[in-house]
Each structure stands twice: as structure tokens, then as C-alpha cells.
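Consider the single chain below, provided in C-alpha cells and representing the form predicted alone.
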């Protein structure tokens, strides 16, 4: 069986990488981080015109109608460029939730806006996997009350998707609704935006599905998010390896480039040996979402858990190849290091994901 990305998917990935290298290089990312912008509206608009925002939106609603594997290939390229764009929430999780639980009227109203990038959606999914004391959102008398932490793509969002009661209900909330306050959270990864929502009697704009429909939509949204995060980790690690290898080929010590030293060769080889086998795991997890639904949830858990474990080793080793200068701001490597650190915890850390996969496989109660 020949299982690999198609020519079209590889072309998509290369096109995005080339665009980011030319239009949003690391120097531009640095400027955005310094400005505390959290995202680049111009880059997101351009990427939306290239079809990134609507990659999962059906063609009838103005999107490309592609698969999650296409989204994974896109996420890998965006991670390689540490692109400061709201891809995970607005282009992956929100469209999937709308497609799974939204009515025809809701899909016709919101999906075209998502496809063009004119509507940005923050996804409050953290409480689905872990809840801190005092956090969580509930409905009382038809209004929402509570706190949602680490809302994905929250800063600058036009709407929020808020799961309630473990995903039994999905609330679509206007970002300007009375009683809603949004606070940008400061994380180690400044290239992506996260927010905390405080809801005090916030009226729900719309409900997406009820009962079983909402629960199934929430599970699909969470599964897709984990698979795409695994691809994001893959791209960030691949770029860290490239930077380490390039540095080793330029840095001289004792009259020789350090790439000629056996110890440095071993460090680079270990990084590659950890990452390359993981590619097929990530690709299959994304492929299963559309083609093998029975495997989708557990494979997304396994893929993200594994990449979350090898990711820190790879970026840490890449810094070691750079030596002491690897920890400095001028080398840029810390952007990928920090992206991996946030990805590792987002939507579940490795231990919790493996425990969930074990439950899905019937190994534990």
C-alpha cells in the first residue's frame, strides 16, 4: 500500500511555505510579537484568498471541501513558518462543529463567512479535557455564566463556540454580547492568541444541535483539533531540525565546522530518527477522520500524545546543537521551542490522551 501525501497536498504545502517565506518571514513574526498583536490580519486575509480559511468548508458554501488530511498538511506548513494566524479555531474546529451540528440555515449563514476569513471564531474547548477550580461555563435561565480558560484564537474573535455540560450543548456566542468580557492571556507562544472569557448572564446567539448531535459534533471537533495539533508539532519539529543542521554546517570550531564532529552528527541523527517515523502516524490520524471513522478518535489521541512527547526532545536537542547561543533571542529557534511547548498541553497532555485512548479501546473503565 502506497500511503503518502498526494501531489496536490504536497503542492499545497509547498505553496504555503513559499508564501510565508516571502510575505511573513521570521522578521515579520518578530515585529508582531513585539507589537503584541498575536496575529497578522493581512497574512490571514492572504491565506484566506489562497483557500486556507475555507479548506474544510463544503464547496456549496464557498470553501474547498477538502479533508482533514489536507488541513494537517496545511497546519504542518503553518507551523514551519510559525505563522501568526487563527487556523485551528476558525478553519478547523469551528467549521467541523457547524457541519456536524448546525442546521442548514446556520451553515448557510456562517460557513461562507468562515470560508472567506471574514468571521473569526474562538473555541472554548479547554474545559472539555481539564477544568481548574472556579472555571467552567453553565446555563442558568437561558443565559451563560462562568469562566472559559485558554480559548483558542480568542483574541480578536467575532464569535465564540462554547461547549457546555461536557459537550452536550454547543453555544454560539457573539463576541460583543453584553456581559461577556475577553482577556488576552500571556503564554510562552506569542505567535498565537489565547483568551479567558468571563460570562455574566450572556445571551446565547444560537445553539448548534441538541443532545446527541451536539455531543457528536463536540467529539468530532475535539478529534480534529488534536490531529491538526499533531501536524503542527510535526511541522515545528521539522523546522527546528532544519535550523540545527544548517547551523551545524556553518559554525566552525577548532578550524572545522561542527557538523563534522561525531557528537553533533549523533544529535542530528537522533532528532531525525525520532521524527520521521511519526509522520505516518500523523498522516493516518488525519486520514482516518474522514476515511476510517472508527479509528479517528483513538488515532488522534495517539498521534498528539506521541508528537507531544518527542517534540520537546527534538526542539531541546536543536538548541543543544546551537550551543549556548541557542538560548538567545537572536537565533529565532525559541519560537518553535515555545510553539511545541504550548501544543503539548493544548487539548490534552500525553498522559491524559493515552488514558482516553485506552478507554476508547476498552482497556480501562
Partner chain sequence: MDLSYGSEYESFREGVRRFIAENKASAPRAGIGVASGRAGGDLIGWQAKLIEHGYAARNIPREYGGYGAEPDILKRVILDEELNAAGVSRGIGGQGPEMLVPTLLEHGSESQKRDWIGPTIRGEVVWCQGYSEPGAGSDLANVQTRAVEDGDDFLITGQKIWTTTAHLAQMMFGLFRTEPGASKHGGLSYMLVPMDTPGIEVRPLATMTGESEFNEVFFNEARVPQSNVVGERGEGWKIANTTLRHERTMLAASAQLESALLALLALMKEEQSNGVRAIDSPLLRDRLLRLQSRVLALKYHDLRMLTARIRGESPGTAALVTKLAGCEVSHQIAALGIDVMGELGVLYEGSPRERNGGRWQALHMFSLGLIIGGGTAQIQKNIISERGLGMPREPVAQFQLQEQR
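The structure presented is a predicted model; accordingly, all values stated were derived computationally and were not measured. Residue numbers count along the first chain shown, from 1.
The form predicted in complex with its partner chain exists for this protein as well; it is not shown, and the discussion that follows is about that form.
Of 213, 99, 272, 143, which residue is found within 4.5 angstroms of its partner chain in the predicted bound form when only non-hydrogen atoms are counted? Only one listed residue qualifies here, and that residue is 272.
Option touching its partner chain, based on a heavy atom within 4.5 Å in the predicted bound form, out of 194, 172, 287, 110: None of the others qualify; the residue that does is 287.
Within a 4.5 Å heavy atom cut-off, is residue 53 in contact with its partner chain in the predicted bound form? Judged by the heavy-atom cut-off of 4.5 Å, residue 53 is well away from its partner chain in the predicted bound form.
Would you check, heavy atoms only and a 4.5 Å threshold, whether residue 248 touches its partner chain in the predicted bound form? Yes, residue 248 is a contact residue.
So in the predicted bound form, is its partner chain close enough to residue 295 to count as touching (4.5 Å, heavy atoms)? Residue-level check for residue 295: yes, a contact with its partner chain.
So, residue 46 and its partner chain: in the predicted bound form, are they within 4.5 Å at any heavy atom pair? Heavy-atom contact with its partner chain at 4.5 Å: absent for residue 46.
To test your reading of this chain, name the stretch in 127-135, 223-231, 79-87, 287-295 whose heavy atoms come within 4.5 Å of its partner chain in the predicted bound form. Flagged stretch: 287-295.
Site check 265, 276 and 351: each within 4.5 Å of its partner chain in the predicted bound form by heavy atom: The answer is yes; 265, 276 and 351 each reach its partner chain.
Would you mind checking 335-365 for residues with a heavy atom within 4.5 Å of its partner chain in the predicted bound form? Heavy-atom contacts to its partner chain in the predicted bound form: 351, 354, 355, 357, 358, 361, 363, 364.
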